[in-house]
Structures are given as C-alpha cells and as structure tokens.
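The chain below stands alone and is given as structure tokens, in the form predicted alone.
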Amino acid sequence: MEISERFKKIGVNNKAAVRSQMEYFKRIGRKIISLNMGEADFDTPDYIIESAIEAMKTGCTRYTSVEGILELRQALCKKLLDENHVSYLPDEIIVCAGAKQAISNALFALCDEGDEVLIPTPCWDSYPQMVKLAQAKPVFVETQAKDAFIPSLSEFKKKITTRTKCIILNNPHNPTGCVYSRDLLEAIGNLACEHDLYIISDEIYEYLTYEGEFVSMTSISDEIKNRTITVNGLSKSFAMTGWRVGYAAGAKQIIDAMKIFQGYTTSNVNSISQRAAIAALSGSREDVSKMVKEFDLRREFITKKLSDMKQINFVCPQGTFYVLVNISSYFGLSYKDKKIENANDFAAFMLEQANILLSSGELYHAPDYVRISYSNSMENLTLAMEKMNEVLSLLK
C-alpha cells in the first residue's frame, strides 16, 4: 500500500507520540516530571467554564458558520483594536481549531508547489512540516545564541529568491523565549513589502512577555498590515489548550481562501468553545495576570538553578514558558554503557535516570540543545532541578 508523496516528506509528530507515552506512564504508575509540555498547567478560569455550560444548556450545540460566529469575530476585532491598536472587520477574521490550524490554513491559501517559506531557526517543530504539507519548501534562517537568537536582516536577505512567498515569525518565540523589538519587526516587515512577500505572524505567546515590549507586526504600518496574517489564540493565555480556539486576521481575500480550505477539512470550531471564547475575551484579565506573574517567578527560579549547574549554557528567556539549554558539553560523556552522542540521548538519559521529560532540540533545529518548559508547579520544578543536577554528576 502506497501513501502519497506529500506525506512521505513529513515525519511523525514526535510530540503526539510523547503525549501517548505520558498516558502510558500514568497507567503503569510511573511518576514523571513533565518539562516538555507546551501548555499552561493552570485550570481554565471558572467564568469561562460556566459560559460553556450555559451555552450547552441553551442549545448552542449545532454547526456554526465555517469562519466562526459573528459575536466571537466581533469580540476578536475589539481585542485587536483595544490591545494591539489594529482595526479589522469581522469578515477579516477566521476562527480555527487552534493557532496551528490557522497557520496551516494560511500556508495552503498562500503557497503553490515549489514556493519557499522563510523560517528563523531554532523554530517550533510544526512549521517546517506544515510548509511541506502545503507542497512548499521550508528555507531556514539561522540565528545564534551569541545574538540572543534574534534573527539578522542580512540573513533574511541572503535567503530570498524568486520563489520566496512568505516568512513565518513567532513572537514571543518558541523555543528560545526571545521577544522581537519593534525596530526588528519593522525592518522585517519593510523587507517583506520590498520583495512582495507575505508574513505569517504567530503571536500565540503575546501575553507571556516578561521583558521588553510585545509588538504586534500589523500595528507597525498599514503597508505591513496588508501583507500580514496575524495568528493567535486562547490556548496559552487563558489556559484553554483543550478547547481548540485559535484565529487569524488578515486581508479579506486571504481570509476567504482560508475559509474555503477550512470548509473542506474541519468546518467550524466547536460551537461551545466559541461561546466560551467570547466569555474569555470579554472578561477580566485578572486570571491571566496571575498566571503570567507565576510564570515569571518560575522563570527566575529555573534560570537561577540552571545557571548554578556546570557545563550548562542558555540565553535567559524574555517570554513564553520555555528555556533553551545548550547541553553539547555533555556529548561524548557516558554513564555505565550509555553514551551521550546528541540531544536525543541526553533527553533519554534524563528520562531514564531522573524521570524528567525534556524536549530534544533536534525537534527545533537546535541539535545542541534541549527545551525545558517551566509550565509546571514550583514543587515539581524544584524537584526536577535537584534531580537534574544530581544525575548530571553521573556522566563521566
């Protein structure tokens, strides 16, 4: 049996496999400290849950329009205007099953076979695979730790060809935690305008900014806005990963194309989740502020602990809830009959010897690194750092 060439070009979703592995560990009673997850460990606020219950009780359980109910798109327009200082009409908004679907929709709407998409690396592991699914080609723009993983405009310029169609930006950035300045965003935006490129601006970690200022790409100029598809969602900010509510905002022609694609795949987002999203957007940001404050405390804690460990290097994250840690100094060392050859081996060693689950940097085009998520309780983070420090001393 043959599968399509399109699917042969992409790999298995390793994170999906890890989630299955975690479920298995739970069933057999093995206690693992998960420092790999890309979701808040907080519960969805009660007022959002109550709105979902009310939606079910009042019959909001049927299909909606593919692009999402008008009330939610109006709430998103208000959010974008009030918080990001950018004006959109409801017809320029599409509600998707998470930010991931919004990015995928945008790539399918924009790209033809053989088009090229620029992606700064390290990068979220799904970006290159989604580009390949759209039959386009990911082109990587490398960044360096010595530059705090901030991309260079000159590196972007080197990678632009006649086939370049768009740029994917993630700000604040997963997995590095860096936050892009207004000047950098303006320079990249102007470069896109100069070369007739589109920008997919993934801003899902917008609220999780601790240092610097979050700037939405579309707020810089009307010209940049016209060629930018802003992607965001409620997953990270409102602890709503399982509700699957993301959205995209952009020029109506592009949003209409995304709507066509979504109409032939998933159709509308869960109608109950859409009602809950309205409550989240219209409610107080008090729960969000508390969560962000706690993440910032954890950030300070974990970076302090990591800085005390020998042979560990990292760039202090300014946003998200990740820290990207260089562990290449441990390559070539061994414990018993296990030798650490790469980041995958290091992550496997931590799981076997310390019951700590990390994400290998191989996923993120960062082979000398592991990504540590501090989206876990302070108690678990404390235990994880103690165990990590302890087992690192076993490597000789």
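Owing to the predicted nature of the structure, the values given are computational and were not obtained by experimental measurement. Residue numbers run from 1 along the displayed sequence.
There is another form of the same protein, the form predicted in complex with pyridoxal-5'-phosphate; it is not shown, and what comes next is about it.
pyridoxal-5'-phosphate is not shown here, and in the predicted complex it never comes within 4.5 Å of any heavy atom of R73. Contact annotation: Y198 falls outside 4.5 Å of pyridoxal-5'-phosphate in the predicted complex, judged by heavy atom distances. In the predicted complex, none of the heavy atoms of F261 sits within 4.5 Å of a heavy atom of pyridoxal-5'-phosphate. In the predicted complex, pyridoxal-5'-phosphate lies farther than 4.5 Å from every heavy atom of F238.
Annotation: in the predicted complex, residues N174, D202 and R244 each come within 4.5 Å of pyridoxal-5'-phosphate through at least one heavy atom. Residue-level contacts in the predicted complex: of K165, K100, R227, K137, one residue has a heavy atom within 4.5 Å of pyridoxal-5'-phosphate, and it is K100. The stretch from 207-215, 121-129, 298-306, 83-91 that comes within 4.5 Å of pyridoxal-5'-phosphate in the predicted complex, counting heavy atoms only, is 121-129. Along 33-53, a non-hydrogen atom within 4.5 Å of pyridoxal-5'-phosphate in the predicted complex is carried only by G38.
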